[in-house]
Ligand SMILES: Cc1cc2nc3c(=O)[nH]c(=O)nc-3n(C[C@H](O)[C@H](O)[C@H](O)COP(=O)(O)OP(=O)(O)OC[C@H]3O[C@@H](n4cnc5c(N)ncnc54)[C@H](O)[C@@H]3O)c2cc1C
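A lone chain, given as structure tokens: the form predicted on its own.
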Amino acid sequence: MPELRELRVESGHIEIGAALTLTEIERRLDGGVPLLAELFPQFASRLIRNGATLGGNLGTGSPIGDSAPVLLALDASLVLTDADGERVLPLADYFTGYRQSVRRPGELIRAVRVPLPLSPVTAFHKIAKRRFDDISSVAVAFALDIEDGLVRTARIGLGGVAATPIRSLATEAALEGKPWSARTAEAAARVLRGEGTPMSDHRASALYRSAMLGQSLLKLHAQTTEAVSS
């Protein structure tokens, strides 16, 4: 269906067809969305990316699908369509429970919309037993706007710590309006460790998952500080 395989750059957003493979998206964007560019090499293997789609990854409603935390951090919306027409819904409002969503019977995900402009400070941290071709124990995506040393906006998407992918709203609030300093990062990391309802299973304990959440934010701060100082 060609209607599900379009990629368009509009004045206010990028629209990515739900049936484009990750490899096709990667090649056509060519690094134009750095957070997605960081996701792609960590998403399974090239063989899988040649067939996997954003529509499929989101449609399953899995709490550990790697694309959802990234798209949540990008503040993405979904274009849902059925015989009666289309509606646009923030991805943050899409998931309602474990493998459940607001999608109605007969409704398809037609496209994903990523708003522009993009936040300049981004990172995707996937914690898994193997670096590549493995299911995440925890996945964290960051998108921050930092101006004059202050965090103007923060968007953080989490996977593997709740029944659905979630936005880290409390941590975002702990960052916004604050200086991007070690003290702010440490305080926000403490908040981030308490986000979600992580569980223990064969991949990781709940305590480990919580610890990795906080560590991811400290890692982001260290990386951005090193980039500025160098």
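Residues carry their position along the shown sequence, with the first being 1. Not measured: the values here are computed from a predicted model.
In what follows, reference is made to the form predicted together with the named molecule, a form of this protein that is not presented.
Contact with the named molecule in the predicted complex, judged by any heavy atom within 4.5 Å, is made by just one of V191, A44, I166, V33: A44. Site annotation in the predicted complex: the residue of L116, V102, I135, V88 reaching within 4.5 Å of the named molecule with a heavy atom is I135. Partner contacts here mean any heavy atom within 4.5 Å of the named molecule in the predicted complex, and among 171-179, 201-209, 49-57, 24-32 they occur only in 49-57. Residue contact with the named molecule in the predicted complex: L213 places no heavy atom within 4.5 Å of it. Using a 4.5 angstroms threshold between heavy atoms, K126 counts as touching the named molecule in the predicted complex. Contact between A18 and the named molecule in the predicted complex is found at the 4.5 Å heavy atom cutoff.
Under a 4.5 angstroms non-hydrogen atom cutoff, the named molecule in the predicted complex lacks L7 among its neighbouring residues.
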